[in-house]
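Read the single chain below, which is given as structure tokens and is the form predicted alone.
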Amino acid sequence: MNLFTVAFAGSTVTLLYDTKDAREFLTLLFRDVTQQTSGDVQQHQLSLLADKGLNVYRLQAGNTQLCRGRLGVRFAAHIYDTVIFHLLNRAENGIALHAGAVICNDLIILLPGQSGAGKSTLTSWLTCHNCSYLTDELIFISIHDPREIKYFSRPLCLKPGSMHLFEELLASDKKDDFLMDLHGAVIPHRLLNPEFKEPQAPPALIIMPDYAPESDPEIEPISRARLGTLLMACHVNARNLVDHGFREVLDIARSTPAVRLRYNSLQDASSLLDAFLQE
């Protein structure tokens, strides 16, 4: 049995695996995530085990099976959800926000949002429009120094409706370097940022995506009080912090300008974002 370690936000999760294919799968998913440091605390152990002869794998916690299937995009989503949960389950030294992040013209843009808000879709669009990809899932802000931000630099995870944005890359001869099937695509960070260095600056802008199929598209400013409330809804580890980390989240809202992007299609969002970012 072999061991693969994932480290983030001062915690680690280890995964036991038993085949070469499992090792390559875990490497594709987690190779670019922040590396382990000596102060990281072991939080949990999982197992990725093959059902011999079936080309099917099981993700397990002890003897409990969490999911079972082929090593594809859906299985990757299950692994990410499970690993992130255990990395943050006891995290109390920072604010974990469910958010995408990119660098645009040397400025960091955060895109916080709950599932279904369009966060990942807009992060994908910005990434293929001259922005540098940081994450489409999670950021972690130190409660001791708000300027210290860690980005969960997993691959960009595309849903089928966003795959056309990277049509050229997905059709290239690099098929062994990413994962693609009927459920979407997983494009490693290193394919998007070959010389990536984690930025040290605070965010310059927050864009709150709001996918609303029946509404007219618009971009509008968000007040600091409203932004604080919206960010709390994206706060993953609130239960671990004093007062649920509300003071720290409010500090972020007070120090960073924000807008809400309401849209009903990627085409509408693209037109609004393009004009807004040029301004």
Partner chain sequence: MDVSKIVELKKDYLIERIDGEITVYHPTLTTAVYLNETGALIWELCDGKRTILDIIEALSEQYPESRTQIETDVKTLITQLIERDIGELK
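Positions refer to the first chain, counted from 1. It should be emphasised that the depicted structure is a prediction, and the values quoted were computed from it without experimental measurement.
Another form, the form predicted together with its partner chain, is not on view; read the next lines as being about it.
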item: Answer option from 31, 68, 244, 44, heavy atom within 4.5 Å of its partner chain in the model of the complex; value: 244
item: Listed residue (232, 212, 49, 219) with a non-hydrogen atom within 4.5 angstroms of its partner chain in the model of the complex; value: 232
item: Whether 159, 180 and 184 all lie within 4.5 angstroms of its partner chain in the model of the complex by heavy atom; value: no
item: Non-hydrogen atom contact residue 226 with its partner chain in the model of the complex at 4.5 angstroms; value: yes
